[in-house]
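Taking the form predicted alone, here's one chain by itself in structure tokens.
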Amino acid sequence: MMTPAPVALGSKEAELRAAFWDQVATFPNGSKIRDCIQCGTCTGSCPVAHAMDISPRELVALFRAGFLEDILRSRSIWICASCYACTVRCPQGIRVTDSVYALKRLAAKKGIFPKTFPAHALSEAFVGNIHSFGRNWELWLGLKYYLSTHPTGLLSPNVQKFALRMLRRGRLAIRPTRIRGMKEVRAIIKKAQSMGGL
């Protein structure tokens, strides 16, 4: 159960909020999040709302109440399917999906993640693969994810059977391959990082 909204924002919340507005400024009309009427259309449109611990509508309500750190510690922002259904259907024209991405970037920048849902580790491993090879290398992605979250998971018979099936079917490369144009890919990643993304 949530505690009542604070009368004044604490210094950490104020710092997080300022950083969030910096992220929101990276896309057009980001400040429209202030216009939310709490109609619930975003949540009703979301195909993965059932798996979220905080619904899209509640994200805005908690933000207004001064609980940004609670939002960053939730798994909701990492579950977002990026389908943009919430954004398309919002009667106020709020770019909900882009706001969720702003929250993800803020969580990554501040190192605030859900304790029992390490989706950020998968995201970081994926971006690392793209930076190194220009494409995903699934074997390294899986290894990095398990090594950074729960190394003993690599010993699971189910994980090992799955990996062997993928290898037999040629879906899991032992060695990575780099794409041509790595210089251009790295330039794109660098630009995205300079704009507050990735």
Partner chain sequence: MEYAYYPGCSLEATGRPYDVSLRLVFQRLGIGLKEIEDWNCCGATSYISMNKLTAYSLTARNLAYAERMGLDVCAPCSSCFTILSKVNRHMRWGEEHKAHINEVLAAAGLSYSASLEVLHPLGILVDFYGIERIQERVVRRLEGLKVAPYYGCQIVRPQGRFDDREDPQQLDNLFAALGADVVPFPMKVRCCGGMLMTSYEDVALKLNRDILTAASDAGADVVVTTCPLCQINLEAYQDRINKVYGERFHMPVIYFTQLLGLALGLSREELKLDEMVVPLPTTDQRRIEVHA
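Values in this document were obtained by computation on a predicted structure and should not be read as measured data. For clarity, a rigid core is taken as the largest C-alpha set superposing within 1.5 Å between two forms. Positions refer to the first chain, counted from 1.
Same protein, other form: the form predicted together with its partner chain, not shown, and the subject of what follows.
In the model of the complex, no heavy atom of residue 92 sits within 4.5 Å of its partner chain. When contacts are judged by a 4.5 Å heavy atom cut-off, residue 164 does not count as touching its partner chain in the model of the complex. Shown alone here, residue 140 lies farther than 4.5 Å from its partner chain in the model of the complex, counting heavy atoms only. When contacts are judged by a 4.5 Å heavy atom cut-off, residue 155 does not count as touching its partner chain in the model of the complex. Not one of 21, 38 and 112 places a heavy atom within 4.5 Å of its partner chain in the model of the complex.
Contacts between 83 to 108 and its partner chain, taken as any heavy atom within 4.5 Å in the model of the complex, involve 83, 84, 85, 88, 89, 98, 101, 104, 105, 108.
With a cut-off of 2 Å and the rigid core superposed, residue 66 has a Cα displacement that falls short of the cut-off between the shown form and the other one.
Once you line up the core between the shown form and the other one, the Cα of residue 38 stays within less than 2 Å of where it was. Taking the rigid core as fixed, one finds a CA shift for residue 17 smaller than 2 Å between the shown form and the other one.
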